[in-house]
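One chain is shown next in structure tokens, namely the form predicted alone.
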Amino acid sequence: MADRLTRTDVRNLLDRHGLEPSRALGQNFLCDGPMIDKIVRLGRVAAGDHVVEIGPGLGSLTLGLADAGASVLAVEIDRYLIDPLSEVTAGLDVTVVNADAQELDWEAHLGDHSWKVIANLPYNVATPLVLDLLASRPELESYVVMVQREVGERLAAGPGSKTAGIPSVIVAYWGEATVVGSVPAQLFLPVPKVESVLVRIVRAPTPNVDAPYDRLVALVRAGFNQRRKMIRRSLAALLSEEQIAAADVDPTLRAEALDLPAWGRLADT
């Protein structure tokens, strides 16, 4: 088993390469062996798996993934981290790619395999990146993403929850999301000012409702963009009150009260 990077190791790596964590990129480097091993277990990573790690940073978690026997595609946006990351992962089954995951040519890297995604995502890109990958990359069959607590709760929220919103409905369309753990701030260098959680998303073999995706997303966005209004008002530009009722949905409900099947019936209207 490769040694995990300690806080001292991370600090020494940064110093040796003349680097400091980038605030602009939301960099907080995880440096706790037991938490890294927990993330690998939650990701159900096993020998022979193919894993995309988005935001590997200095390679702390990458070492844990490689130790589990996975072949790792490490996608790192910060070109200044590529040298230390390559140094840490030298000799392991790790391919380091300097790229923005939102712009990566996924076709060139995924091949014919199914993949698991492990990611420590900055707040400002977490939700759009996850939703985009769910919609566009069926090869990515499961995810464990580390995100700000509020983001994680929104991704995994169920109907009726105050945190239910556009992300939770879209995630539910493609699969199932669960908050599976928290990550204390003191396990990072530097220590962030926000709480982090781990969210596991498992893609369903087919969408969870048989409804046109683009139509469903348009309705969900309209409903939650005016979430305090009844859906007969928030969806008025897209559906009449009669059409809503014909879909067996109460027009006086608000968007957060609707479950995925209800959104599916509306999208089929």
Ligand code: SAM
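In this text, all values refer to a predicted model and were calculated from it rather than measured experimentally. Counting begins at 1, following the sequence as shown.
This next part talks about the form predicted together with S-adenosylmethionine, which is not shown.
Out of the listed residues V96, V151, L81, V117, L81 is the one that sits within 4.5 Å of S-adenosylmethionine in the predicted complex by at least one heavy atom.
The partner is absent here, but in the predicted complex a heavy atom of V125, alone among V125, V179, L92, L134, sits within 4.5 Å of S-adenosylmethionine. Partner proximity in the predicted complex, defined as non-hydrogen atoms within 4.5 angstroms of S-adenosylmethionine, places exactly one of 134-142, 154-162, 168-176, 96-104 at the interface: 96-104. Within 4.5 Å of any heavy atom of S-adenosylmethionine in the predicted complex lies no heavy atom of A66. S-adenosylmethionine in the predicted complex is not approached by V88, whose heavy atoms all lie more than 4.5 angstroms from it.
Residue contact check for L110: none of its heavy atoms lie within 4.5 Å of S-adenosylmethionine in the predicted complex. Contact annotation for G43: none of its heavy atoms lies within 4.5 Å of S-adenosylmethionine in the predicted complex. Contacts with S-adenosylmethionine in the predicted complex, taken as any heavy atom within 4.5 Å, map within 11-29 to L25, G26, Q27, N28, F29.
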